[in-house]
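Take a look at this single chain in structure tokens; it is the form predicted on its own.
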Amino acid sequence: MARTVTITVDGATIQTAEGSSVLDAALEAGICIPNLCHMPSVSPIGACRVCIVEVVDDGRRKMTASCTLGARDGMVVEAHSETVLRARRHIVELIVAEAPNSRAVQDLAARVGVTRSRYPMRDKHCVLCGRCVRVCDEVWQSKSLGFVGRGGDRHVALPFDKRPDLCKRCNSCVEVCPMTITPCPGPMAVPGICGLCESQTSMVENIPDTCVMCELGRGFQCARWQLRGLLAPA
């Protein structure tokens, strides 16, 4: 039987299995920590950094991704401090600049209160979340996809840009990709983003740290939907 540890997130006491991530523990307890790259069924990589939190230890604070942070007994975490919220909005601004026409990114922006980006819009079709790579490698044991290059040249590709024989053609890489969701029909206003989904956040205006199973995140398979077994097609 797994040992249980007790952590504190935003003042709430949470009991979770030893080895669980702080993100999973918080989501199970109904505390909303926005996330994009995380999937409970595969190993976390902390690629998007949206789920950052502050770990408070003897008065010292350290900011880190909660999906890769293992829960330890007595751990104190702040997921919605002013420092965290400011940093999270900045991260989402950068993601918006990379893919402003992505429905998943627009939903994420609405959830954290970002309505425009100060950075040049690139309109890419990939934000390097690594979902496709991990599901191909860890779930289907195919290793048909991988990251290629570094820095600004980094991208996801097939080996030598050819589909290998190991590829099972399961289409899972497409299904888990947040970029493949049907684009939002709302009007775009570069450098602003569509405000059509903002109504989804009205129910949490007074409780921004609480997960109320809003539609923001359902389409791109937010970890909360997977943990509750309520994942539905986009």
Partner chain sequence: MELSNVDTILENRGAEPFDIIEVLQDLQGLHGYLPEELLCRVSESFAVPLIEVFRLASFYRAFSLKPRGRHLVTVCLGTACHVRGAPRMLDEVVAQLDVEPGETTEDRAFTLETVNCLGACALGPIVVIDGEYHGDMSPGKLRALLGAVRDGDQAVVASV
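Numbering follows the first chain given and starts at 1. Keep in mind the model is a prediction, meaning the values are calculated, not measured.
One more form of this protein, predicted in complex with its partner chain, exists but is not displayed; see below.
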Can any non-hydrogen atom of F147 be found within 4.5 angstroms of its partner chain in the predicted complex? yes
Residue contact check: V174 to its partner chain in the predicted complex, 4.5 Å heavy atom: no
G113, heavy atom within 4.5 angstroms of its partner chain in the predicted complex: no
Could you tell me if R122 has a non-hydrogen atom within 4.5 Å of its partner chain in the predicted complex? no
L85, L158, V76, V139 - the one with a heavy atom within 4.5 Å of its partner chain in the predicted complex: L158
So in the predicted complex, are V55, R61 and H80 all sitting within 4.5 Å of its partner chain, heavy atoms only? no
